[in-house]
Structures are given as structure tokens and as C-alpha cells.
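Before any questions on binding or motion, here is one chain by itself as C-alpha cells, the form predicted on its own.
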């Protein structure tokens, strides 16, 4: 049975839909109202607050904390500055992705790692002989995602002028009353945003203070349904949907490598040995066989398929996670794993994986569309990710 997070009494009070799902063993709101659109538009035009507490969180302390992270992830943390945050992924010995998450350097000897799946045993397995302690704070540390174009205004009201100087993927330790909180300029929406980290005992106080600070800026609570639409627009992958962890994969085609997921930019091969290094070096030399891409479905084609049956085009307003085949030159060349209508871009978007020779932006392919139980195909075009990338996200 799921457990409540430290914000549950606050989210339950506002959740009129009573629609929850399980996220990492915790209750998580799907949407607060009957529909998620109000939350989505608040995200893109004002500000939203989402309970991100279910993320797994680990505190790595000791002289070898950076060394451990460099050993198990594809990035090099040996010269990572205090106050920086990084997005990274980690692999098994075969170079297949296990998970992805963020790393924050809090001081010379203290890092925080977040992950989608439990990673405590994996960390300990590779910490033998190192000067390090590993603490699982997943259930002791609460997190709020404050996102949207007005989020900086809300944060300034909350902690003062220091909010205006916080750069993209940086961390700021500060205080809220008598409580220590950590603010990171991070998020999963592709918009200007922050994540606020506090011990469970200060969760209610933080929630109330954020909404008070955002009272004049249209801040609303947001659930996972609106988040799912925004992360597709931002081109962010979701484990278990757009890729399968090597821990859960059963056959070769279910595994993914960082190069196949478009994480080339984060893989640092020429350094001290790390898990999966040899396999990734070999793949880098020969090139990946598949690539994760963005797709834009041709609306006129899509509409015409429904028109044949005398029906208006039907789209789920939320993100569809049901995978469908992708075709080109008479055969299947991949699959689309996340599909959504973008209210901001007014386009039907998808994230998918295709054979590498079809991954170039502008390539014309086809996507399977089922209408009245008949499987048809609509044209689609490979697109660069992200689809949505506002200047305010990094400025």
C-alpha cells in the first residue's frame, strides 16, 4: 500500500479529483481538478507547485564521494564544483542504462544523488575500499518542484533577492524561518523552475510559505498528468516508458545505452575507469544502432484517417504511454513510446526510438494510428529535441 509523503495532508486538501497513483511507493496526485488543463496552463503561463518527494535520494559523504560517483556514472565528478547540479545516467558492465538522475555537490565531502529506482545496493556494491558513507534519505527528505515563468517571482518573495542570482543547474542553501532548505534550479518541465528540498518536519511550513509567496502570481498545485505533457514537450525521457532499466529488461532489444538515448554529451570516456566504460568506448567507435528522437505527426494525415469513418480526430488530452510501431520503406524501423498533443505548440508530438539511419531531423516516416479498430498509418517527421525550449529556462 502506498505511503503518504510529508506534503500529503496539504495535497489531499486541494485534490478535488481524488485521483492518485503510486510513485516509488508513495501517493502522488494525478490531477487536482477533473481535468489537468488548468494546471498545465498555470505551468506555462504562471507557476505551479508539485510534490516531488517520492524521488529516491541518497547522501554520499566522505573524501571519496566524488570518486564513487565518477566510478558508477558516465560523468566525471572529480572536478565538480560545490553548488553545481548535474544530470547523469549510470550503466551496468555491458554499457546498458540502469537509471538516470541528478547529482548535487553540497560541499567538498557531500553529494546528493536522486534516482527513479532504488539505488542503495548499487552504490554500496561499488563503494568497497572507499572513504565514504551512504545514507538513504528518500523518506526523510521532502521536495517541491516550483515551476513556470513566474516561479522566480514566487521564489524571490519566499527567500529574497538571492533567487535572482541562482543560475541554471546550480544549488543554493538558504533558510525559511528556522528551517534549512536547499533550492536547486532544476526541474522536469522544460520551463523556468526550481526544486526545494527540506526535511520532512518542515514540509507543511514550506508548502504554506510557497503558496503565500505565490498568491499574487497565480500559483497552482500540479499533478503528474500535466507534468507528463510538459516533459514530452521538453523531450525528457521517462524510465519504464521511453526506455527500460537494464534491471528490468529481458531481451536484447529492451536494453538501451546512453548513446541510443541521446546522452552522448554526458559520456566522458577518457578518464579513470568507470562501470560500462569498455562497452561504451566500443559503441562510440562503431556508432549506436538506434536513436531516441522527437516526432511530429502530420495533422492533416491524422485528421484524414478519422474523416474516412466520418469521425472527428480523437486525441487523448493527456500523454499516451502505449507504444506504437514506426515505419519507413515498407518495414518497421522503431516505436513511439510517449505521445501527446501540445497545447502550447499546437502540434501532435511523440518521443520514440528509430534505427540510426532514420534518426536525422527532417526524415519522413510513418506512425501507426488505430481508428475504429483498424490499424492505419499517418505521416510523421523526425524532429530535434526539445520541442519546447523557452529562453527563460536558462536565463
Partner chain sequence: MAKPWDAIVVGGGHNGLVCAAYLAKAGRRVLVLERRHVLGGAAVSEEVFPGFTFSVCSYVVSLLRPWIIRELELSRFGLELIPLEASFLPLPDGRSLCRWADPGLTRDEIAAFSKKDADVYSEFGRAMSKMGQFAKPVIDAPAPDPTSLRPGELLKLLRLGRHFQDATPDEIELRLKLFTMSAVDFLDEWFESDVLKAPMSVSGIIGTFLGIRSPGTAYVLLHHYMGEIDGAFRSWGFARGGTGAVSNAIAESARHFGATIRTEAPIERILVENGQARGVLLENGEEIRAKTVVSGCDPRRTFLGFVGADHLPDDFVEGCKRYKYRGSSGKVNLALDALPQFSSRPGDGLHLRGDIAIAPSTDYLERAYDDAKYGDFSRRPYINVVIPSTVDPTVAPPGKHVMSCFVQYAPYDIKEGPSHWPERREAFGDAVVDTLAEYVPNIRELILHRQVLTPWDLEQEFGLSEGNIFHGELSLEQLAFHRPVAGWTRYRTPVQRLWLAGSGAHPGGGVMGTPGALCARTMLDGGAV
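Remember, predicted model here, so these are calculated numbers, not experimental data. Numbering follows the first chain given and starts at 1.
Unshown form predicted together with the partner chain; subsequent notes refer to it.
S.K.: Given a 4.5 Å cut-off on heavy atoms, tell me which of 278-286, 145-153, 106-114, 126-134 is the interface stretch with the partner chain in the predicted complex.
M.R.: Only one stretch passes the 4.5 Å heavy-atom test: 145-153.
S.K.: Give a yes or no for residue 78: in the predicted complex, does one of its heavy atoms lie within 4.5 Å of a heavy atom belonging to the partner chain?
M.R.: No, residue 78 sits far enough from the partner chain in the predicted complex that none of its heavy atoms falls within 4.5 Å.
S.K.: With the cut-off set at 4.5 Å between non-hydrogen atoms, does residue 299 touch the partner chain in the predicted complex?
M.R.: Close contact exists here: in the predicted complex, residue 299 approaches the partner chain to within 4.5 Å, heavy atoms only.
S.K.: So in the predicted complex, is the partner chain close enough to residue 339 to count as touching (4.5 Å, heavy atoms)?
M.R.: Residue-level check for residue 339: no, no contact with the partner chain.
S.K.: Although the partner isn't part of this model, could you tell me whether residue 208 comes within 4.5 Å of the partner chain in the predicted complex, counting any heavy atom of the residue?
M.R.: Contact with the partner chain, no.
S.K.: Among 357, 59, 37, 368, which has any heavy atom within 4.5 Å of the partner chain in the predicted complex?
M.R.: So the residue touching the partner chain in the predicted complex, by this definition, is 37.
S.K.: Which of 254, 200, 317, 174 has a heavy atom within 4.5 Å of the partner chain in the predicted complex?
M.R.: Selected option: 317.
S.K.: Can you list, in sequence order, the residues from 366-388 that come within 4.5 Å of the partner chain in the predicted complex, counting heavy atoms only?
M.R.: Nothing in this stretch is in contact.
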